[in-house]
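Below you will find one chain, with nothing else, as structure tokens; this is the form predicted on its own, and questions on how it binds or moves follow later.
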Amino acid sequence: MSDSTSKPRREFRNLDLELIAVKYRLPTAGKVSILHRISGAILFLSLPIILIPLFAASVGSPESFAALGSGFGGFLLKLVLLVLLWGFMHHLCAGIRFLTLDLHIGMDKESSSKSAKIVLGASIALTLIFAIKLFGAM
């Protein structure tokens, strides 16, 4: 026997996505997780576009290696390499953090937040060190 007088479904009409995006504060661990995925995607997508052709050009002949080395003087190419370096450094540091979390080390809220902040700081610091070297300040 079916009840034809069932309750009407509730409707939520106050879902303003812009307000939700502004009000919701993602924790540091969540930001590290999202950046880990973004850096992995950057590294994966750069393989066929940037890294493999650069490697092929570098091992082709001594002349192509010298031409490739002289081509790294451009600012735009250095900026692309810096983004790739950040992607690698962040992916490496966050990967180590996630491996320690898989071993059930630092699973509580305070330790997780602290390790996420360490990952952000370490990846930015390593990227800055490579940026100084890449742009010739040292």
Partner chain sequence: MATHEKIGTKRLVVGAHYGSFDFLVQRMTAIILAVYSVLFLVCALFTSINYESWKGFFTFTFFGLPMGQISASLAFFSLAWHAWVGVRDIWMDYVKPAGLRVALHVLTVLWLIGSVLFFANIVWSL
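Basically, rigid core = biggest C-alpha set you can superpose within 1.5 Å across the two forms. Computed from a predicted model, the values in this text were never measured in an experiment. Numbering follows the first chain given and starts at 1.
In what follows, reference is made to the form predicted in complex with the partner chain, a form of this protein that is not presented.
41, 55 and 88 all contacting the partner chain in the model of the complex, non-hydrogen atom within 4.5 Å: Contact check passed for all of 41, 55 and 88.
Examine residue 26 and determine whether its closest non-hydrogen atom to the partner chain in the model of the complex is within 4.5 angstroms. Because no heavy atom of residue 26 falls inside 4.5 Å of the partner chain in the model of the complex, the answer is no.
May I ask you to check whether residue 69 falls inside a 4.5 Å heavy atom distance of the partner chain in the model of the complex? Flag for residue 69 set to no.
Exercise: residue 74 in contact with the partner chain in the model of the complex, heavy atom 4.5 Å: So residue 74 does not count as contacting the partner chain.
Taking heavy atoms and a 4.5 Å cut-off, does residue 102 contact the partner chain in the model of the complex? Close contact exists here: in the model of the complex, residue 102 approaches the partner chain to within 4.5 Å, heavy atoms only.
Going by the partner chain in the model of the complex, which residues of 43-67 come within 4.5 Å of it through any heavy atom? Counting only heavy atoms within 4.5 Å of the partner chain in the model of the complex, the contacting residues of 43-67 are 44, 45, 47, 48, 49, 52, 53, 55, 56, 58, 59, 60, 61, 62, 65.
Is residue 44 one of the residues whose C-alpha moves 2 Å or more between this form and the one not shown after the core fit? No; that C-alpha moves by less than 2 Å between this form and the one not shown.
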